[in-house]
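One chain comes next, on its own, written out as structure tokens in the form predicted alone.
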């Protein structure tokens, strides 16, 4: 007999939790180690500070993910051994093998739940929402922990030659507990996932000299460090952002006014302002917190959601669109009814 779900499964976001390192790096701190200024960083990115792990003391992406998922479980009123699956969206896995999600599952005591890492750069959490929802539609997974966590401060250069990367990124984790519910109105309404691999060299981390794009000059100090064509990525994001929102609204048969919150990847304040102005959205529909955390990659979207939940601005029945774009190049959305 088949145990697969035959009708639509309602899925709710039952709990959320976040974690950031205690170590705060301000723009003033960066002024001491590179040719930059607080004013320059604020004007071009909107960033005022970022959190950075102390890797020399053993802090890692797993530690942040661990704290975030336990807080999410507590918010959901759920124990770890009730989880059927853990999806860790990250481009900062501690090792190539095993997946960090597996070690995380063992630490929190999930009793053999499935666990895997999902790598989609800054789209990781959004792609993870779509992936987890699809798996839950089979009926095989009732409770899923989705975590977005990254520690890119380990792979940027804190000196003038690596200035563009160092000013942009911070470390964090955000987790949600997705739970099956009898209310089939709750869950995913529409989604998109896209990629353009021909533009991979706009954002990549070379590990050997053979990884460098033919248009880039080999530089040994960049091995293991983030290589970014900032101007090209900025143009990509500004152009793609409104298009992918429009596409998702069209698939859902909705207008921007029908969506209560747009929760977007926090890459650059100017990109976010451009998207908000394009749709004429009020500030209360388009929360921005990049000034406090910088670009935290897969963690940025759940950090915004957590801000809204903490402020009691997220209500049952509301529609929320999650939006991401980043390395790959990748971009996508996940539109939910709560």
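Residue numbers count along the first chain shown, from 1. Owing to the predicted nature of the structure, the values given are computational and were not obtained by experimental measurement.
The form predicted together with oxa(dethia)-CoA (UT7) exists for this protein as well; it is not shown, and the discussion that follows is about that form.
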ask   = Even though oxa(dethia)-CoA (UT7) is not shown here, does residue 151 get within 4.5 Å of it in the predicted complex, heavy atoms only?
value = no
query = Would residue 289 sit within 4.5 Å of oxa(dethia)-CoA (UT7) in the predicted complex, counting heavy atoms only?
reply = no
ask   = According to a 4.5 angstroms non-hydrogen atom cut-off, is residue 188 in contact with oxa(dethia)-CoA (UT7) in the predicted complex?
value = no
key: Contact test in the predicted complex: residue 21 vs oxa(dethia)-CoA (UT7), heavy atoms, 4.5 Å   = no
inquiry  = Each of 17, 93 and 307 having a non-hydrogen atom within 4.5 Å of oxa(dethia)-CoA (UT7) in the predicted complex: is that the case here?
reply    = no
message = Which is the contacting stretch out of 224 to 232, 244 to 252, 93 to 101, 193 to 201, given heavy atoms within 4.5 Å of oxa(dethia)-CoA (UT7) in the predicted complex?
response = 224 to 232
query = in the predicted complex, which of the listed residues (136, 73, 168, 105) lies with a heavy atom within 4.5 Å of oxa(dethia)-CoA (UT7)?
reply = 168
message = Using a 4.5 Å heavy atom cutoff, which residues in 302 to 330 contact oxa(dethia)-CoA (UT7) in the predicted complex? It's fine if the answer is none.
response = 325, 326
